[in-house]
Structure formats: structure tokens, C-alpha cells
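Let's start with one chain on its own, the form predicted on its own, as C-alpha cells.
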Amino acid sequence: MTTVHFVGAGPGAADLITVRGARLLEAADVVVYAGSLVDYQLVRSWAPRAEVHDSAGLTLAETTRLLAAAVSSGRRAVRLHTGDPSLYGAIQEQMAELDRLGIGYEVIPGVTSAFAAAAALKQELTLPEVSQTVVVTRLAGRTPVPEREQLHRIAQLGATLVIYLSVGMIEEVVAQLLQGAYAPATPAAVVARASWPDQQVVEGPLAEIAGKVRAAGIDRQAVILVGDVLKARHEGLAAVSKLYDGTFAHGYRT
């Protein structure tokens, strides 16, 4: 049976899609893509001959019908999502519908905007003796967040935070983080449209980041990064990894 492929398009740049994802797009007969976030030119550069549908204005039932119709006619279908489909991609409900219809599918991972933002900042998100944990989360909005995952609770950990889908409420983000382990001077950064030609980067202490973001006119399609790892580029490293330490032996070096 023909299989639907859920493909991660990456963070924006057309050449940041995976090789496997690009090959599947090139072979696709039908592409249903998230037009509110995925660049149409990316779709057309990899799938120039496919029948293309923008899902931005469609319901779950409508996207399911498009995919099911493609499969029933023996055509190769790609459901194209921004970043990596497993993060805020709403693919589980789509897969449940395909399960109900007996249609097979596969998921192809992609580069999420958290990593494109870290690349834009030239920043490692885990540093020895600073943070070995990265939390990907969001502020509660129209989509609620479980009580145990409220941002002020997560902020107690003090790890590196990457906050999605929340830049439009950045004042509330800052207020909740300051209830946790973060201080007004904790470094923060906001990267909007990471890897796109019009990418924007705003950096500053947590207490000032909201004003800087508002002044830059950023209100969507951005990730917020917070944590002491962001000091490294300006203040140097507190410690270095043992991996390349000449006095440290491991399985590949005695």
C-alpha cells in the first residue's frame, strides 16, 4: 500500500531539509504543506511537479481527505511540516486518522528551530559545569499547558530553556522565569525566523529582553533561549569537556 510520509522541512532555509526529506519531496505526487510556516519556494524547489495544497486554512478532516485521496489513487503523498514534526507539529492526531482509515505512514525527522537558533547564536546549549539539560517548552496560551508544566514551575530547574510559540507574550515569559532560578541578569536571546533570509537575533539580560524584542518588532515565528550557557561567547568557558582533554582516557584514546 502507498505510504504517507510526514516530513520535517527544517527551520526555513531550503537546504536545511534532510537528504531523505528532499528525496521524498522530489518523488511526491501530492504535497500537503503547512503554509503558515513552511516557505512555498522550499516546496517548489524540491517538488516542482507535485500537486501542492496549503494546509494553513484547512481542518484536520480536510487534510486527511487530501492524503487519503492521494493514497487511494496510488499517488505518493508527503505531509510537510515545519522544523521537526514531533515538536508542536500536531501530527499525532493526523496519524490517528490514518490509522482509522488503515493507511500506512512514516515520519521523517527534521531540523527544529531550536537548533537553527543555537547555530545562529554560535552557541552550544549544554556546557560542562553550567547546564547539562535543555528544556523545550511553551507558555500556556490558547493551547493550555498541564499545571505541572507551568513555566514558573519549570523555571525552578535553572536549565537551558528553549521556549517556543510564546514570543507574543514575552513579558509574561519573563515574569514567570523570574519566579524560578533565573535572575534579571540571566542572559537571554530571541531568534526570529531562524535560517530565513530575514532572520533576526536579539540578545540581552532577561530583565531587558522583552523591551528589546518589542523594539525589534518581533511578535511571532521566534524562539526564546534563556540560561547561563549564553554567557560563554562573551565571558568565556567555566570548564571544558573531558572528551578532548589529553589527560582523560576513554575507549577511543588511552
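Since the structure is predicted, the reported quantities are computational estimates derived from the model, not experimental observations. All residue numbers refer to positions in the sequence shown, first residue = 1.
We do not show the form predicted together with a small molecule, though everything after this point is about it.
Colleague: If contact means any heavy atom within 4.5 Å, which of 94 to 102, 145 to 153, 124 to 132, 76 to 84 contacts the small molecule in the predicted bound form?
Modeller: In the other structure, the partner sits against 76 to 84.
Colleague: Using a 4.5 Å cut on heavy atoms, which of Ala194, Leu67, Ala28, Val213 is close to the small molecule in the predicted bound form?
Modeller: Of the candidates Ala194, Leu67, Ala28, Val213, Ala194 is the one lying within 4.5 Å of the small molecule in the predicted bound form.
Colleague: Consider Ser113 of the chain shown here, and say whether it contacts the small molecule in the predicted bound form, taking contact as heavy atoms within 4.5 Å.
Modeller: Close contact exists here: in the predicted bound form, Ser113 approaches the small molecule to within 4.5 Å, heavy atoms only.
Colleague: Within a 4.5 Å heavy atom cut-off, is Val223 in contact with the small molecule in the predicted bound form?
Modeller: Yes.
Colleague: Heavy atoms within 4.5 Å of the small molecule in the predicted bound form: does Leu37 have any?
Modeller: Residue-level check for Leu37: yes, a contact with the small molecule.
Colleague: Is the gap between Leu165 and the small molecule in the predicted bound form 4.5 Å or less for some heavy atom pair?
Modeller: Contact check for Leu165: yes, within 4.5 Å of the small molecule in the predicted bound form.
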